[in-house]
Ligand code: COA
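Okay, so here's just one chain, in structure tokens, the form predicted alone.
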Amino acid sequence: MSTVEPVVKVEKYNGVSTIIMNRPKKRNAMSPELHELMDKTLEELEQDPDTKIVVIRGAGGNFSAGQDLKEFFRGMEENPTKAKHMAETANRWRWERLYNYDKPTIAVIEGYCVGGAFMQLLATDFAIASENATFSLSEVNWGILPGALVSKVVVDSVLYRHALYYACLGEAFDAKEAARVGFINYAVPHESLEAEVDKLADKLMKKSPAVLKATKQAIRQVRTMDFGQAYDYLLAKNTAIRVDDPEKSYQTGLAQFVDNKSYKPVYGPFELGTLLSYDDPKKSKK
């Protein structure tokens, strides 16, 4: 008896939850069902206390070939209500939800990353690609422009001329070029990809969760502010961290640096799980 695998799978290990777009025969082209499940899965993992980092990737050696043209476009031509709902769902998980996500997110790119897949690529906080990956804003080649929010997020993420060049020509480019222009953080040999993802996740989990969340939100928000707005926002954000941070990161880090001289900020984070040490001189001098 054959079983049909879900189009979205989740694997959990040591605080990292990996969401896998699972349509390998379609190079993980995004269908309405995939959009619904990705939206639901991201919502659930954001509230999951055991999930510290979320990784997004595709099954079968490809990230995503973009939207499934048959199912997402042609399949809903006669149903405008469903088409509107699916467009909202697709945009919500690929941008609103991911862009403002409370936990650090990492995109892992192998094989093809095409068209609409640039939204979730650029909404994640970090992106690592195998050197064998191929990127393409190919919409112009089949008669449309990069729609939804693709054009907007692309031009916000890289230099204007890079955005124009790849959107207007629709040419494929490799992972090293994607890193050079700023679509990803870095490209690594395929055999090193898993180790590099684990290394980045491990580094992130050593940071204070509250401060990491506030920092990534701050970096995103100040991009569209003027200097006065940014100053006021960051001042308020810093105050909020001190009020609502179980690790009491500011006091803990300061105590480890000033009092017991065990913390060197340039070389790594303060020691987590020591939130009371700054209150107790005996503990701070251990």
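Keep in mind that what you see is a predicted model, and the values were worked out from it rather than measured. Position 1 is the first residue in the sequence shown; the rest follow in order.
Below, we refer to the form predicted in complex with the named molecule, which is not included among the displayed structures.
Between the options A179, V197, V211, V114, the residue in contact with the named molecule in the predicted complex by a heavy atom within 4.5 angstroms is V114. When the named molecule is considered in the predicted complex, Q67 lines it closely, a heavy atom lying within 4.5 Å. For the chain shown alone, S138 is a contact residue for the named molecule in the predicted complex, at least one non-hydrogen atom being within 4.5 angstroms. Contact check for W142: a heavy atom falls within 4.5 Å of the named molecule in the predicted complex.
Looking at M38, you'd find every heavy atom of it more than 4.5 angstroms from the named molecule in the predicted complex.
You can rule out all but one of 25-33, 48-56, 216-224, 231-239: in the predicted complex, only 25-33 has residues with a heavy atom within 4.5 Å of the named molecule.
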